[in-house]
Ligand SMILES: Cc1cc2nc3c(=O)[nH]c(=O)nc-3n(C[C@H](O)[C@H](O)[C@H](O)COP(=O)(O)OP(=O)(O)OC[C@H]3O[C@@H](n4cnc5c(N)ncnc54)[C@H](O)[C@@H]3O)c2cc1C
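Before any questions on binding or motion, here is one chain by itself as structure tokens, the form predicted on its own.
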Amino acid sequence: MTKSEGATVDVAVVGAGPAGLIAGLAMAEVGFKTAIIGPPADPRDGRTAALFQASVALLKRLGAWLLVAPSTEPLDAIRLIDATGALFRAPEVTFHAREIGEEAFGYNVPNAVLTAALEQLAASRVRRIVTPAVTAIAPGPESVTLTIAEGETLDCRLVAAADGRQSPSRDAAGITPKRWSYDQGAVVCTFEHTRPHNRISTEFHRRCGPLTVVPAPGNASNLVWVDTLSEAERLAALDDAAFITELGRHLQGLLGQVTLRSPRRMFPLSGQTAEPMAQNRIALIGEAGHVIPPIGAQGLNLSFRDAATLADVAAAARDAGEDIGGAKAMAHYSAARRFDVTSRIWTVDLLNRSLLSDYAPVHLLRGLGLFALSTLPPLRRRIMREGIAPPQSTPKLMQPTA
């Protein structure tokens, strides 16, 4: 459906990327009349996301996993290699999913495949309003009125704001985020290689940031190469042959000979967090509420937990006879997301800054930490579980089904 027809819904999701589509489907799953508003995703999007088991459970609950699974690659292990050149060099550490009773930590999922599957499900479960933009957002005491580019309006009791890091919905809610930047950029692409990746995701921890290769189907991997901003710009500007030479040198022969499969993209690294996560009937989802560097595969998994948590909170408010967009529900959602979001941002920021530090004791502490992880099984298992699952209770829609 392309027009709102002046309709009223329970929940309107602003933004139709993976986070917005998941939020809308989650709301529909718990019984709310829902609209998802925004343009369709770019089918040429070559990026991927590593989704952990709780996110996979959510896709299964929504019926999306069967559509997505054939295009994914399991992540059976995660390997950390110290390539900092520091005096106190940390030991190589490999975490295996079987150590915590899982077949895989998660799956590497192409963004284009994921959004196509979610759009297919949304077509029959929600009111899908295809429009270039929401041009006005007016919160009121009992509802929010949205105006789309075509001039149509839509009223709802709750807005799920999944409209990105520059979120107009967040501005309408009166929430001002805290922002920071790094003198770093990330180069991303997909490449093929002659040696198998054996379903192991490898992170080279380097002085200018981590270089991560994530297994893709076949003898291919997705690259996230974090470096200084000037170096990232230089790498992005190289011709393919020169870039491959640089990449092969940094991979230290791990995957054999490499060839590019997709064009390279470069973007500066930054961070952002919003407090509160909800206000004035508008709840923030994904990058509207938090932006995190592409380290540790936390970004989209956090967005999925936002969506599932908001569904829990809204359903509980409805069942208690309360206003799903009222101040109490908004405070409940903010509190429910605060520790998870803050702890993930803090951990990723600490890891990144520890690599950049010139202070020798920082590298010593980091090396001792990785040594402990390599030798103490209880600590290993705890870190693995907390790395892939929320530190608090798992939202209902993300709990494994029988």
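One rule holds for the numbers: they count along the sequence shown, beginning at 1. Model, not experiment: these values are computed from the prediction.
Missing here is the form predicted together with the named molecule; even so, the following discussion is about that form.
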{"property": "Residue (of Val144, Ile78, Val134, Ala122) lying close to the named molecule in the predicted bound form, criterion heavy atoms within 4.5 Å", "result": "Val134"}
{"property": "Proximity to the named molecule in the predicted bound form, single hit among Ala104, Leu235, Val188, Cys208 (heavy atom within 4.5 Å)", "result": "Val188"}
{"property": "Partner-proximal stretch of 191-199, 248-256, 155-163, 96-104 relative to the named molecule in the predicted bound form, 4.5 angstroms, heavy atom", "result": "155-163"}
{"property": "The named molecule contact at Asn111 in the predicted bound form, heavy atom, 4.5 Å", "result": "yes"}
{"property": "4.5 angstroms heavy atom contact with the named molecule in the predicted bound form for Leu59", "result": "no"}
{"property": "Contact of Lys33 with the named molecule in the predicted bound form (heavy atom, 4.5 Å)", "result": "no"}
{"property": "In the predicted bound form, Ile37 touching the named molecule (heavy atom, 4.5 Å)", "result": "yes"}
{"property": "Contact set, 12-36 vs the named molecule in the predicted bound form - heavy atom within 4.5 angstroms", "result": "Val14, Gly15, Ala16, Gly17, Pro18, Ala19, Gly20"}
